[in-house]
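Next comes just one chain, in structure tokens: the form predicted on its own.
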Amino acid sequence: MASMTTPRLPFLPARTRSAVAATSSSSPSSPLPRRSIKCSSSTNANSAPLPSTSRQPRAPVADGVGSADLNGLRAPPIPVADSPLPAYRDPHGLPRPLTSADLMESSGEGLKVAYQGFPGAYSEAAAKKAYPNCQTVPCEHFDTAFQAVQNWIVDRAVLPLENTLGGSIHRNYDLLLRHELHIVGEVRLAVRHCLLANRGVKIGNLRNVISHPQALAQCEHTLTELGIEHRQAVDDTAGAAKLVAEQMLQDTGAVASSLAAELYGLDILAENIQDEKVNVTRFMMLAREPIIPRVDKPFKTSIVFPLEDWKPAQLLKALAVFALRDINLTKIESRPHKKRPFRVADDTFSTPVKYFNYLFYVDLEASMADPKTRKALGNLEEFAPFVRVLGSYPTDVSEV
């Protein structure tokens, strides 16, 4: 990224008519006085000024230039009466400089976007929906996609978070906490599974089907009705199609997308074989840098926090900081706290009882640009060991 250079302001030697008259009677060897520059500060709605410290300015002379010291050198200029000192502001409230994350085209022109799986995976389709003109980069595992973004190999990653039939993808929730990446957007994709096989193979010939565990779970009843009892889980739907094609399997089919059938030369034996016709996966878009949140469009904020001081109704109190400010929660997910997996119950029992300790992932229907959101998180920090904002990003309101 190119460095930002602050332009220098020219210090002009121009003086007022009164200043010229004042200096004409002085010694010719006296240095010319410098013109005082008026100080002003722009007001920002998100900034909170701090109380300015008291100062003892030197008394200004008529032309607004500081008086000379004992050596005949002039002191630095001080503002004139109509130029107030700039107000001190909280640096956290100032707008941050724009980053590459803010300047990227929404079409993804020039972006490298990682996804998990082989070409033809649903994650690749989601990446293309999020960034239509991007260059997609397949990754073997979810961990690899996270690492590719963190190591500057790619610009973004598009990874699944949850599905309407299969639920949450817990592995990615755990990886969010492990890596210092930011959610910069979300995209929803309608998943339409197909039963694929090699050319000439019929449904009656199939004894086995392979696919990603989520895909197999989403098609469980339909596969049973088709008479296919044996299922084998692999890492990726498109990878399953690739395996069937490369090994020319005659008794094994794959559950994958129609694009995978096209890429690997397979026949589509059945379409839309998911048990429920509405089958949507929500993907997150990850980047190294956060985007600047806004309030002029629907935004979502994702956070994670633990509660280690377990008192009665502690979780209720944590969620109440949002309810009291009319902030809606769209999702709450609990995951075991791996670093502190257990908490000990109070000593009311003769034998100490150990319970699982949890991290709570919460999605808020709010933007970090909204002051009430920041106040709610500040309130939560008063009794949560930590609160981490995973991202504040636009809500996907497109048609699925």
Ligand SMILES: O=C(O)C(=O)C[C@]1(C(=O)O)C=C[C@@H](O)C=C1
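Position 1 is the first residue in the sequence shown; the rest follow in order. All of these numbers come straight from a predicted model, not from anything done at the bench.
Omitted here: the form predicted in complex with this ligand. The next part is about that form.
Enquirer: Evaluate Lys300 for contact with this ligand in the predicted complex, applying a 4.5 angstroms cut-off between non-hydrogen atoms, and reply yes or no.
Expert: Close contact is absent here: in the predicted complex, Lys300 is far from this ligand, nothing within 4.5 Å, heavy atoms only.
Enquirer: Is Phe142 part of the interface with this ligand in the predicted complex - any heavy atom within 4.5 Å?
Expert: Answer yes; at least one heavy atom of Phe142 falls within 4.5 Å of this ligand in the predicted complex.
Enquirer: Would you please decide whether Ala245 lies within 4.5 angstroms of this ligand in the predicted complex, comparing each non-hydrogen atom pair?
Expert: Judged by the heavy-atom cut-off of 4.5 Å, Ala245 is well away from this ligand in the predicted complex.
Enquirer: Any chance Tyr131 has a heavy atom within 4.5 Å of this ligand in the predicted complex?
Expert: Contact check for Tyr131: no, nothing within 4.5 Å of this ligand in the predicted complex.
Enquirer: When this ligand is placed as it is in the predicted complex, are Ala121, Pro160 and Gln218 each within 4.5 Å of it, taking any non-hydrogen atom of the residue?
Expert: Judged in the predicted complex, Ala121, Pro160 and Gln218 all sit within 4.5 Å of this ligand.
Enquirer: Check each of Ile210, Val191, Cys194, Met285 and return the one that places a heavy atom within 4.5 angstroms of this ligand in the predicted complex.
Expert: Of the candidates Ile210, Val191, Cys194, Met285, Val191 is the one lying within 4.5 Å of this ligand in the predicted complex.
Enquirer: Identify which of Ile273, Ile169, Leu206, Ala261 has a heavy atom within 4.5 Å of this ligand in the predicted complex; exactly one of them does.
Expert: Contact check passes for Ile169.
Enquirer: Tell me which stretch of 196-204, 229-237, 323-331, 179-187 has a heavy atom within 4.5 angstroms of this ligand in the predicted complex.
Expert: That would be stretch 229-237.
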